[in-house]
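Have a look below at one chain only, the form predicted alone, in structure tokens format.
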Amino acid sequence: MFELLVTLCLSTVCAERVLPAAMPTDKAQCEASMNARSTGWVKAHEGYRVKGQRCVAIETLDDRAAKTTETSPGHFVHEGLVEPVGPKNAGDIANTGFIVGDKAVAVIDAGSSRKVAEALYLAVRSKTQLPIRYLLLTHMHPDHTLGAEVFKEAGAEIVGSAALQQAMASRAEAYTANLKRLLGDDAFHGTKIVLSDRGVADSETIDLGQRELELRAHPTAHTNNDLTIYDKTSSTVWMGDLVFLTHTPALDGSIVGWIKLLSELRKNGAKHMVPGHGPGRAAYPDGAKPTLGYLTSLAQQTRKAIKAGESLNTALKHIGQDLRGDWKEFDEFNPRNATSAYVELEWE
């Protein structure tokens, strides 16, 4: 099978991008569709121009594919780096992956940039030629969503929580500007936000062919648009950023809702999980205990500070500081979490 590589230029920055097809193509099919696909892409991306294009055998692109681990048959996880977003990692900081059934593939989360998503796409194609039917987004944050266009081009339906589309639409401009600033023009090259095609209001089951995935939307917790994906075959639940390991949790929803949800989800029957950040596989529900413990302690300390009449500025100097432990990126995220918790809990 062959993939189309197009050298695309925006101003003085040129880079070779993978332009997926909805179905794998042989060399003749790739070359026959090459001009139409590259021209269509440029029309949809203002300012870009085509400098060159070529069709190459998929096996020659192994060095560009994301590294994945097959944690159980047909279940692949790519472990993101636990470090700040930057040009060197192109935003590859979130756990992503894909699940292969008898008839189709579902990809879970898409990374911070087109470059990261293309690597995940190539990882899929290195394992299977089955159609990529779904891209499942666990929540709105850009490190999980900004590469989504790659999988839309590959024919996937983009599915998230019913609240995801509005949440993304209202933040699209800010997310794009911020990630472009953090990643730089080279790493951000070709990245364009696309919105979900539809949303899950409560729960639904999708079938990849002898492999069912249960999608469940949740009340406000980490965000107001969290979605979990339960792969019944492997007894593995994709938690998105409802669970962090190693990386300090990031609160962008409700600390009360998050604690309640994690307590309730312990009963979902899964034996394994994929967290949003940190090691790509952990036992469940025990793997959620560090996140739950952090949030519970943060809430307790915040309530105590509020009861003592401390101002936000005073409380921020000490809330959560004893929780530092083994959490990475603590000084970046704990003050934000403490602020969010204080603002929420002072009105209890």
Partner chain sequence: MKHQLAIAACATLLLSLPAQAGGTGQFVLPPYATIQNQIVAGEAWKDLREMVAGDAKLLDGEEILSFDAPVQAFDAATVPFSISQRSNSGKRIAELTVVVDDNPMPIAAKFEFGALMGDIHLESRVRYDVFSNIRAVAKTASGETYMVGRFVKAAGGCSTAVSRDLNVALSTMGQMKLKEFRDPNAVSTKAEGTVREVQLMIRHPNFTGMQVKTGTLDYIDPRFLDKVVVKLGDDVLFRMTGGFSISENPSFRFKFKDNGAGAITVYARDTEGAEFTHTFPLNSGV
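Positions refer to the first chain, counted from 1. On a predicted model such as this, the values are computed, not experimentally measured, just so you know.
Below, we refer to the form predicted in complex with the partner chain, which is not included among the displayed structures.
Which one of 171, 103, 272, 260 is close to the partner chain in the model of the complex, taking close to mean a heavy atom within 4.5 Å? The residue in contact is 171.
Please pick out the stretch from 226-234, 131-139, 159-167, 113-121 that is in contact with the partner chain in the model of the complex, where contact means heavy atoms within 4.5 Å. Looking at the other structure, the answer is 159-167.
Identify whether the partner chain in the model of the complex is within 4.5 Å of every residue in the set 220, 313 and 317, based on non-hydrogen atoms. Checked in the model of the complex: all three residues contact the partner chain.
4.5 Å heavy atom contact, residue 201 to the partner chain in the model of the complex: Contact check for residue 201: no, nothing within 4.5 Å of the partner chain in the model of the complex.
Given that the partner is absent here, does residue 181 sit within 4.5 Å of the partner chain in the model of the complex, heavy atoms only? Yes.
Considering only heavy atoms, tell me if residue 306 and the partner chain come within 4.5 Å of each other in the model of the complex. Looking in the model of the complex, residue contacts with the partner chain include residue 306, since a heavy atom lies within 4.5 Å.
Residue 342: heavy atom within 4.5 Å of the partner chain in the model of the complex? Yes, residue 342 sits close enough to the partner chain in the model of the complex that at least one of its heavy atoms falls within 4.5 Å.
Which of the residues spanning 52-84 lie within 4.5 Å of the partner chain in the model of the complex, based on heavy atoms? Heavy-atom contacts to the partner chain in the model of the complex: nothing from 52-84.
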